[in-house]
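Here we start with a single chain on its own, the form predicted on its own, put down as structure tokens.
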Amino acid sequence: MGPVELLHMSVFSQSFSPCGRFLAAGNGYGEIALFSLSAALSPDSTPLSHKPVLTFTAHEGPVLALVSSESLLFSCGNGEIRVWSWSHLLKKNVKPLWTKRPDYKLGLEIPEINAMILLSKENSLVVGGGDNNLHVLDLETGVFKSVLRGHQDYIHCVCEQEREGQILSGSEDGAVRIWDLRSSQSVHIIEVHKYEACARPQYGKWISCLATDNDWMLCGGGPSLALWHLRSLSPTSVFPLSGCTRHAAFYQDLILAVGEGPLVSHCMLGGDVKAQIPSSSPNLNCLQINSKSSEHRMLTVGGSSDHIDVFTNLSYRAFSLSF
């Protein structure tokens, strides 16, 4: 890849391997890169240790979501889902195990898929994107078993509320829908932009990020990032972050958030911003926390550059991986 392509690269997705020793990252050119975290963290690391051990083209368009199971890596982008064996990838075999595409009821245009979660108990994969619907794939049979319809615009994000057997989705239409998987119906609709504490008309009403932790939900995008109590369906803390949040996650007693601008924000559950740590990208799209290996525990963030910043300690950037 040439210097111009590297200059205009964006990283959209990340997923750690089941063992926690490797990181997969997807970029806007349809590529997935695998990085060896052991090599990057080694005292004997060299600049080459921060480069991929494998890079391959996975999709024709951007790789907008990556998810790992105990043995597989799922990727999606231009209307299709592809599945790769982690053991095969580590042997540099880049042939996908299978490719699936939902039955889109649209014209010639193929909608992007940019939201995906794995439901381990259900052995299912849920994807959403440009056709405004969520599609549920049964991984045992390889058949799409249901379609969740209700959003009026592009779906940006999806997450699971495991204890309740529900999933949540956020859309360009400004709504967060809470779905019951058994009935394939939305049981609650939260129009976040209609809450005065969260509304930011200058940024729009779109919902770009969701995360859950038991009875709590993080939600942001055009509206301010806020912590919601799901039983009362009300915001309890609103975080004073500038720009649109693109990805947020619960981590111990903190909330980590990235989006417009180069900062990784550390927020307290009560609403205060504890710290904002600079990264090397002008804007950030995704963050990932490696909890699968205590030896390789880290936070990684990617955005509008060919770099993925690594934080072995949350208070500073330790080094960067790069395509």
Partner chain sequence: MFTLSYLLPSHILMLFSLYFVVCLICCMYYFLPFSETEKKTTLDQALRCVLGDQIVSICSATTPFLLLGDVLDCLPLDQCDRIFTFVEENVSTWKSNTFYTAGKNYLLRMCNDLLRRLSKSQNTVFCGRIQLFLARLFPLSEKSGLNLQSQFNLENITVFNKNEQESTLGQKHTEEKEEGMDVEEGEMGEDEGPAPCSIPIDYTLYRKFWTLQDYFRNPMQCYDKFSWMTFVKYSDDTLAVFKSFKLDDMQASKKKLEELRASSGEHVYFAKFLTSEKLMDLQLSDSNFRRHILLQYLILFQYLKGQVKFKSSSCVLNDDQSTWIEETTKLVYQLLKEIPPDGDKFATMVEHMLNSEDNWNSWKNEGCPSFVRERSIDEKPKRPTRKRAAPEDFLGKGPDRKIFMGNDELTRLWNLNPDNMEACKSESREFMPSLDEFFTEAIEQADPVNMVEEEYKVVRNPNYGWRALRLLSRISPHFFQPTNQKYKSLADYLDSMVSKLAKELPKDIPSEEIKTGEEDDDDNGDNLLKESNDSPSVQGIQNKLVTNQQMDEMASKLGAQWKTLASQLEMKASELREIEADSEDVEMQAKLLLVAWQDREGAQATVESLAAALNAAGFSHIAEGLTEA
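Residue numbers count along the first chain shown, from 1. Not measured: the values here are computed from a predicted model.
What comes next is about the form predicted together with the partner chain, which does not appear here.
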(message) Is it the case that residue 42, even though its partner is missing from this view, gets within 4.5 Å of the partner chain in the model of the complex, heavy atoms only?
(response) yes
(request) Decide whether residue 294 counts as a contact residue for the partner chain in the model of the complex under a heavy atom distance cut-off of 4.5 Å. (result) yes
(request) Report whether the minimum heavy atom distance between residue 312 and the partner chain in the model of the complex is within 4.5 Å. (result) yes
(request) Evaluate residue 318 for contact with the partner chain in the model of the complex, applying a 4.5 angstroms cut-off between non-hydrogen atoms, and reply yes or no. (result) yes
(request) Go through 58, 267, 33, 277 and name the one with a heavy atom inside 4.5 Å of the partner chain in the model of the complex. (result) 277
(message) The chain here is shown without the partner chain. Which stretch in 42 to 50, 280 to 288, 25 to 33, 62 to 70 comes within 4.5 angstroms of it in the model of the complex, by heavy atom distance?
(response) 42 to 50
